[in-house]
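Coming up is one lone chain in structure tokens, specifically the form predicted on its own.
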């Protein structure tokens, strides 16, 4: 089973302004983004036990200031958030059809696209980390040269003892082509210790017939630990050469499925950092995911974050 040199986590990616529906024609302004959602939930779960840092780039405007202020108040380390004097944060709006969500994005000029331009800053952010988390969205928004800068920093961090977790979170519209996805993802899998894919995404890109096929492909790529999410279906988890399938409990009072996978990632990774087994971590991930979808938007209220043993 994977070990971690310490409990400190670093997440890398884009945070956006979120407009979440809360009533007919009414929206609440918040902040969200896949790796940010995971980092924020981890910070609440690990309060007093470890630091949770977020690496991104935002603007110098009032909205960006509010984002950084909110993160700091919520217990995240904001030391590695850089500022762009020209570009600001992207924005997205959630559209609900019942409880299922779709999104409208305004992110082409997001400052986060420059988050990996400075190799020295990445090295500083990763120094001393026990776990570094990123996603396919993190990679998709970066210029090709900056992806290589990020990969080099991850390789050095792993050599220094950090573990890397990766959620492929495939979003085809962010990539130039499916061929680009298939060229880039294997590069990050070679640097990945824990993979947290969603089966529907993997089937769309790689043609995986089922979660077990996803596990087989990622294990062949050298990933030591894999937990495959499948909506309300069971989670298939692979560790130490063993595969287990764990049923996902039914959740009552679902209002918005936004952020379910990111919540799962937070529970899973927090539990693993605390020394729990992958099977126990799946249960924590399912608990976090279930809580997220009982609230509007991608993050649950602070007071709703489940405690971890």
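None of the values given here were measured: they were computed from a predicted structure. Positions refer to the first chain, counted from 1.
Beyond what is shown, the protein has a form predicted together with a small molecule; the following relates to that form.
A single residue from the set 235, 153, 195, 81 has any heavy atom within 4.5 angstroms of the small molecule in the predicted bound form; that residue is 235. Among 165, 214, 169, 110, the residue placing a heavy atom within 4.5 Å of the small molecule in the predicted bound form is 169. Look at 55 to 63, 40 to 48, 261 to 269, 22 to 30: in the predicted bound form, residues with non-hydrogen atoms within 4.5 angstroms of the small molecule sit in 261 to 269.
Proximity of residue 248 to the small molecule in the predicted bound form: non-hydrogen atoms within 4.5 Å are present. By the criterion of a heavy atom within 4.5 Å, residue 230 is counted among the residues contacting the small molecule in the predicted bound form. Put simply, residue 17 is far from the small molecule in the predicted bound form: not one heavy atom of it is within 4.5 Å.
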